[in-house]
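The chain that follows stands alone, in the form predicted on its own, written as structure tokens.
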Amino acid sequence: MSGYQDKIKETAERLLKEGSVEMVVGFRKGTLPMMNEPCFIRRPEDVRQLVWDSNCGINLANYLTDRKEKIAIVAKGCDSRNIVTHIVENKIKREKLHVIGVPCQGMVDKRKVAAACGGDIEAVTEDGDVLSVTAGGAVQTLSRMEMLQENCALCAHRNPVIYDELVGELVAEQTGIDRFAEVRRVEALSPQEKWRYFEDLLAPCVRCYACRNACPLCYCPTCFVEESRPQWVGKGQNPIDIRTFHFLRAYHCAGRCTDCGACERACPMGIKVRQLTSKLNKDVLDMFGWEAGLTLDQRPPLDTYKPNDPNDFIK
């Protein structure tokens, strides 16, 4: 994937010089290894900052809502699906975007790499499927595919859904993967076991809201956790309030989540918050045959009403 970088720079420079866009949203190197950060390029001479590798997991669609400029955005598969959702939900106009599509082969999980190396990561280089990681003064070689984020290992939509130009050839989509095996495992637990499972899952939460802030779907002007009239959820570390936050936030993403993994990637406590949204993704797919962000011509099922919707209680 690192071969895309020159093409991204070339495209961004051309678009800015032509005046086709006012800004390019992409990635630049962060201050820490494996922590590329979003950047906003407005001058052609600044495109040299742009990078692309397996550490570009942040969902850049998070930076598009309610923008008025003509923007070029570097978008992998999940980013493009969130862009579709933003367009459908009228958070940005399609004509205001120039989508630079990046066929994706997955992003690397920094936590997995750190665990494999047993120390603080000092430097990482990438060559095809090989990661060379310097940690504790020693260099180790790891398989990039074995270090992928869990959502990337299960991704069935690696290619951008919408784009104005591509920086490389479309990649083969993964087939024969069981995206919801972990969901079914939890579904099979007894009620008591499920209760303990979710108690343990959410126990480390410190209510920092990093999962919410990283999610491109969480753009409400006032989040329900900050609403005071009425107050829906307390502000402290009460376990009930913590569960209420996570479950309600997940439900707000039902039928809209693209499983980009931004929430889980951002969590400083390593909580697998995708367990909640993955369950809802499975249910929406089973009941409505729907996956978020694949079409501009249809609204999410929970955003519409049809007389033949399942469950008689809503009629």
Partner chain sequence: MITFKLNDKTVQGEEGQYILQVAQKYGVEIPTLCHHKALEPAGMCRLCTVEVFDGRRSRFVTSCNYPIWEGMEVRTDSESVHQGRKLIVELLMARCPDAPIIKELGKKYGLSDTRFRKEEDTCILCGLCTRICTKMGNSAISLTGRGVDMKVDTPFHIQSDVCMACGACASVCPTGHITLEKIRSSVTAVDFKPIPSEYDMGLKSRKPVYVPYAQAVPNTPAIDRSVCMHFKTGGCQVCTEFCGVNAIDHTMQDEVVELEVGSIILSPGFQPFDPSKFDTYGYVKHPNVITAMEMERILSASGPTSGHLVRLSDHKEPKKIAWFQCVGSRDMNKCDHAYCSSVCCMYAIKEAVIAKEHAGSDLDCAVFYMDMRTHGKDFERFYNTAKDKHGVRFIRSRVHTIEPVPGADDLSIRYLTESGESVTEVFDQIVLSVGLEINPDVVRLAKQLDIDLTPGNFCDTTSFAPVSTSREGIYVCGAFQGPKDIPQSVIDASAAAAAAGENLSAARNTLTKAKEVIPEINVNGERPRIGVFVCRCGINIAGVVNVPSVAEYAATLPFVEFASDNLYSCSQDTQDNLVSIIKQKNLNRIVVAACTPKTHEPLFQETLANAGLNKYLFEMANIRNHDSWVHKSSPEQATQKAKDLVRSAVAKVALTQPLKESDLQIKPSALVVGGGISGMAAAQSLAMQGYETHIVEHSSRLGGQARNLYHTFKGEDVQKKLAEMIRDVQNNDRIHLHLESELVQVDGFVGSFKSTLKAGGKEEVLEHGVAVIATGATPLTPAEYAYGKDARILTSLELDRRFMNDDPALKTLQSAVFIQCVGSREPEHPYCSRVCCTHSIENALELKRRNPDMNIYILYRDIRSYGEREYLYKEAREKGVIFIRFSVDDKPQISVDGGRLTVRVTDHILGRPLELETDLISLATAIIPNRDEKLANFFKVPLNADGFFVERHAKLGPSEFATDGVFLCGMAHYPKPIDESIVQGKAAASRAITLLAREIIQTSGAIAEVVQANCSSCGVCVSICPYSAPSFIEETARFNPGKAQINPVLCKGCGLCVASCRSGAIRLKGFDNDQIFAQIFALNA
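Note that the structure is predicted; figures quoted are calculated from it, not measured. Residue numbers count along the first chain shown, from 1.
Although not depicted, the form predicted in complex with the partner chain is the subject of the following passage.
Residue contact with the partner chain in the predicted complex: T141 places no heavy atom within 4.5 Å of it.
Shown alone here, E18 lies farther than 4.5 Å from the partner chain in the predicted complex, counting heavy atoms only.
Interface membership of P230, defined by any non-hydrogen atom within 4.5 Å of the partner chain in the predicted complex, is confirmed. In the predicted complex, the partner chain sits beyond 4.5 Å of every heavy atom of M23. The stretch from 218-226, 71-79, 171-179, 148-156 that comes within 4.5 Å of the partner chain in the predicted complex, counting heavy atoms only, is 218-226. None of V161, V88, L131, V167 but one reaches within 4.5 angstroms of the partner chain in the predicted complex through a heavy atom, and that residue is V88. Proximity to the partner chain in the predicted complex, defined as a heavy atom within 4.5 Å, singles out one entry of R196, K93, K235, R185, which is K93. Contacts to the partner chain in the predicted complex (heavy atom within 4.5 Å) from stretch 239-256: H252, R256.
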